[in-house]
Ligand code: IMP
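Only one chain comes next, encoded as structure tokens, the form predicted on its own.
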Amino acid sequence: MVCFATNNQHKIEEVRALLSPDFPLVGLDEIGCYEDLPETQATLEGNSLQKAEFVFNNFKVSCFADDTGLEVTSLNGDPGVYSARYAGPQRNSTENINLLLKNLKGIANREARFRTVITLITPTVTKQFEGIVEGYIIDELRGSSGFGYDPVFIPKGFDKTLAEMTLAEKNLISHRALALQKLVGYLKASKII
């Protein structure tokens, strides 16, 4: 059994879609963890490690945790590690998007990237995996799938936002999917699954 250290059901669905049906993946609620995981580090790598260590040390279960940030070139990489709390501690996606679009008003360079860092901790290994998808930010929200900044992010080479894609389409190109593919490849190669 491996725990994905999140209570975000959207993330769990994305991961389960990438794994074989018989892979024993559980979320935090299934191991009895109902508290918010600590995220006090200044980097995605640090937050990912901090969350995984918290679960591993307190619940004694192999786990992986992710941290994802939207990094906008013209905003010096912001919101970055603060993406979920960009508009405040309430973690409201609509408010985060509104603040992002306000901060980009009148700026021609809309280049951005989503970056995910996953930390795996087992009794014998601690390892990190990274996934990046390049794209740009648009001015209007499009699509109803996905979550977070998905309705305003169009990946390079596409003409629709992540929120307009099906889960299967998104799992072919998304930052989290790319990091997870590296994780799953490692788990298979090391005979963990």
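Numbers for residues come from their place in the sequence shown, where the first is 1. Bear in mind the structure is a predicted one, so any value in this text is a computation, not a measurement.
Not on display, but discussed next: the form predicted in complex with ligand IMP.
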Query raised in the report: Going by a heavy atom distance of 4.5 Å, is residue 46 a contact of ligand IMP in the model of the complex?
Result: no
**Report entry** Interface membership of residue 161, ligand IMP in the model of the complex, 4.5 Å heavy atom rule
**Finding:** no
Query raised in the report: Using heavy atoms and a 4.5 Å limit, would one call residue 148 a contact residue for ligand IMP in the model of the complex?
Result: yes
Query raised in the report: Are any of the heavy atoms in residue 75 no more than 4.5 Å from a heavy atom of ligand IMP in the model of the complex?
Result: no
Query raised in the report: Would ligand IMP in the model of the complex be within 4.5 angstroms of a non-hydrogen atom of every residue among 11, 83 and 170?
Result: yes
Requested in this report: Quick one: find which of 135-143, 30-38, 122-130, 60-68 has residues within 4.5 Å of ligand IMP in the model of the complex by heavy atom distance.
Outcome: 60-68
